[in-house]
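Shown here is one chain on its own, the form predicted on its own, set out as structure tokens.
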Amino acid sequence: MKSMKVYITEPLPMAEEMVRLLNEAGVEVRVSRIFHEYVPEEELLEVDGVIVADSRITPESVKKARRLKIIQKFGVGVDIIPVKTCKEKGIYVCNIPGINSLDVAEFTLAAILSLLHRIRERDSLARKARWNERPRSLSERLTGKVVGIIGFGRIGRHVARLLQPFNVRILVYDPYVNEAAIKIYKAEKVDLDYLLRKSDVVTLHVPLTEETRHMIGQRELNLMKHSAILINTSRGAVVDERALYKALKAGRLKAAHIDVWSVEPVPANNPLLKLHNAQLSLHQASWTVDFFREAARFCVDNVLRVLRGSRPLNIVWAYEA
């Protein structure tokens, strides 16, 4: 295995640990020093395996790759990987379903509470010792609110479970989940428009597909309460960013937490970065020490399976576009 090579596409936490484990198995490893929107084609030409988190891989890169056997996603969503092209070339595409579900759900709850209780704004006032401005930062309780969950897979269900102590009314939109499964979480299955009209908080937990791309656009944002908040920890393109910017700028929507972006890394000129009612993070909802430790070990073990001639775990042909 000494001639085997693996490329890690981003300078991830735990990258050093992955390098160490792969080196111990006799595998040569290269780690990108920066986050790319697209993985450079030349990096894939002569490698046997790739571990990728958020950088996109183009079909052209896969077609030109001479030795590539596996693309291992450091996480769940595979919309950044040309699955169909990989399958045609006999290249495994694998992910780690469910590994970061609880992390994203906890982050979602934190984002909701932070927006309702204006944590960021209050932190700013405190740092500037602006004591007399306290009256302008009144917060709201989550208790008793209506929370709309769009997408009721592993993450959506964790969110519903975490919300139980707050005595909220939970509305769910997911055409692929039956009503009985939703009722287990003391939630109601409703259509999308009803959810948007009634919810005080709307949180998105869907994969990016042609069906979900821009599923929240101008029309949908106009249906929401002016006092509502939106949380997006799914994929950036699920929300029309221009429409969201206009809604937030005009006060048509009270606030939003944006963790994922239509272009990543997010450009410095993205207008959402300048809005006071946009709470932001950089695709980090799942970024916990626990997740990275578990994911690093799984990715290494699964790549080594393939390099040793075995079939890997979690092949994602089921997600093929």
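From a predicted model like this one, the values you see are computed outputs, not experimental measurements. Don't overthink the numbering: it's just position in the shown sequence, from 1.
Same protein, other form: the form predicted together with a small molecule, not shown, and the subject of what follows.
Engineer: Please tell me whether any heavy atom belonging to Asp174 falls inside 4.5 Å of a heavy atom of the small molecule, as the geometry stands in the predicted bound form.
Structural biologist: Heavy-atom contact with the small molecule at 4.5 Å: present for Asp174.
Engineer: Quick check on Thr203: any heavy atom within 4.5 Å of the small molecule in the predicted bound form?
Structural biologist: Although the small molecule is absent here, Thr203 would stay clear of it in the predicted bound form, with no heavy atoms inside 4.5 Å.
Engineer: I'd like to check something about Val76: if you look in the predicted bound form, is any of its heavy atoms closer than or equal to 4.5 Å to a heavy atom of the small molecule?
Structural biologist: Contact check for Val76: yes, within 4.5 Å of the small molecule in the predicted bound form.
Engineer: Hey, in the predicted bound form, is Pro82 touching the small molecule, heavy atoms inside 4.5 Å?
Structural biologist: Residue-level check for Pro82: no, no contact with the small molecule.
Engineer: Going by heavy atoms within 4.5 Å, which of 109 to 117, 140 to 148, 153 to 161, 242 to 250 lines up against the small molecule in the predicted bound form?
Structural biologist: Heavy atoms within 4.5 Å of the small molecule in the predicted bound form occur in 153 to 161.
Engineer: Would the small molecule be touched by all three of Val31, Val39 and Ile91 in the predicted bound form, meaning a heavy atom each within 4.5 Å?
Structural biologist: Contact check failed for every one of Val31, Val39 and Ile91.
Engineer: Only one of Ala285, Ile57, Ala295, Ile51 has a non-hydrogen atom within 4.5 angstroms of the small molecule in the predicted bound form; which is it?
Structural biologist: When the small molecule is considered in the predicted bound form, the option within 4.5 Å is Ala285.
Engineer: Tell me, which of Glu179, Glu211, Asp123, Asp193 has a heavy atom within 4.5 angstroms of the small molecule in the predicted bound form?
Structural biologist: Selected residue: Glu211.
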